[in-house]
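One chain follows as structure tokens, the form predicted on its own.
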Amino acid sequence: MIYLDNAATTLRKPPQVARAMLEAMQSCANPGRGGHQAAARAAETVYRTRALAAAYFGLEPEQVCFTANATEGLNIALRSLIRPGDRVVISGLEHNAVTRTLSALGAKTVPVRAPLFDSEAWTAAFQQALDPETKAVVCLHISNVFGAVLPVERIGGLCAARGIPFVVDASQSAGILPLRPTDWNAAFTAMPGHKGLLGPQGTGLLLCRGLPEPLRFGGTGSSSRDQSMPRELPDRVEAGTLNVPGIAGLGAGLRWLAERDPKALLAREQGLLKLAAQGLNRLGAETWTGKNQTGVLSFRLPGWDCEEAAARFAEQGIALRAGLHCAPLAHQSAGTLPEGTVRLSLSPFTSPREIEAFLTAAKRLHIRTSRSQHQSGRLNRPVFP
């Protein structure tokens, strides 16, 4: 299988990730729940990954909290800041992890819209949307649908000047772009471990520059006589047994990234994305590309429903994703409702040969469409406006 659905999860990981997980399963007990060797080894494994993440993101270890995924981190962040009726400004590209949580909290959301790949326009739009009633701003760093990079540093500066808490969803940028929450003035930055950080599923990080409210309550291995959650991080939001094998695997993914040049990894992905986009354009496909873009490409093939096209690619051994990608607001902003798009997304392990195979598969679908239209007398009839 040629796997091009890395924005959902990276399937191929560095081999060190699986080895670290297996070693943790065989040697680590419950961190902070005993003075024996297996518990101490677990605590050491967890702290080593926490410290590695802190160094990678320019924070202190206690500011790195482990979560099950980015969604859990966003729930903690938003529930720490938002009350019913609060005015919250968000980008018009947000994932359901943000929009559904804000809806459940009873927030009044104000989506900001601008041309996908225009950083200046996004900055101006956020500046216009902020007012004295704004209680928080939430913005993704990279769109999971279109790969568009938003100017979070500028948006964070606007928030800091007004004293407005800023939350960043780094689900598509962690491990892809440099992340420095201090540069963004972000109170909270949430990310999964299983995407660009190349860790396993069931892992995530919440980077805290503010004090979060607990989402879960229970044992932390500390302050056990106190019936309220500790105020100290990371214990405040890490109730219950941690996913030690997953954290060990995440640490291995972080080490793999730390040993490489992030600019080279990004340039490689952007080169492959350009190759894919150019090939699709030669087939008359509709593509969404721009200057500020990472390795995520949305497209539509003439004559094909997106879901049907993805199914036909799958039959040829090409793994893509089609539909709304859990981000209907992004499609509303881009005008791609109700069908959505087909999405191709890359990783450090995607090869040029795989992109060539993808384009060969796309060409087969294009030929089939052309023949069908010719036979029905619709050869020159446009499929998309």
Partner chain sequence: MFDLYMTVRSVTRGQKGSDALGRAGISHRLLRAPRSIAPGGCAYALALSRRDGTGAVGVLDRAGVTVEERWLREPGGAFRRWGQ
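Please read all numbers here as calculations on a predicted model, not as lab measurements. Numbering follows the first chain given and starts at 1.
Here the subject shifts to the form predicted together with its partner chain, a form of this protein not shown in this document.
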With a 4.5 Å heavy atom cut-off, would you call His331 a contact of its partner chain in the predicted complex? no
Is there any non-hydrogen atom of Lys291 lying within 4.5 Å of its partner chain in the predicted complex? no
Its partner chain contact at Ala43 in the predicted complex, heavy atom, 4.5 Å: yes
Ser224 versus its partner chain, in the predicted complex: is there a non-hydrogen atom within 4.5 Å? yes
Pick from 145-153, 224-232, 277-285, 169-177: which stretch has non-hydrogen atoms within 4.5 Å of its partner chain in the predicted complex? 224-232
Within 4.5 Å of its partner chain in the predicted complex, counting any non-hydrogen atom, which residues from 26-48 show up? Gly32, Arg33, Gly34, Gly35, Ala43, Glu44, Tyr47, Arg48
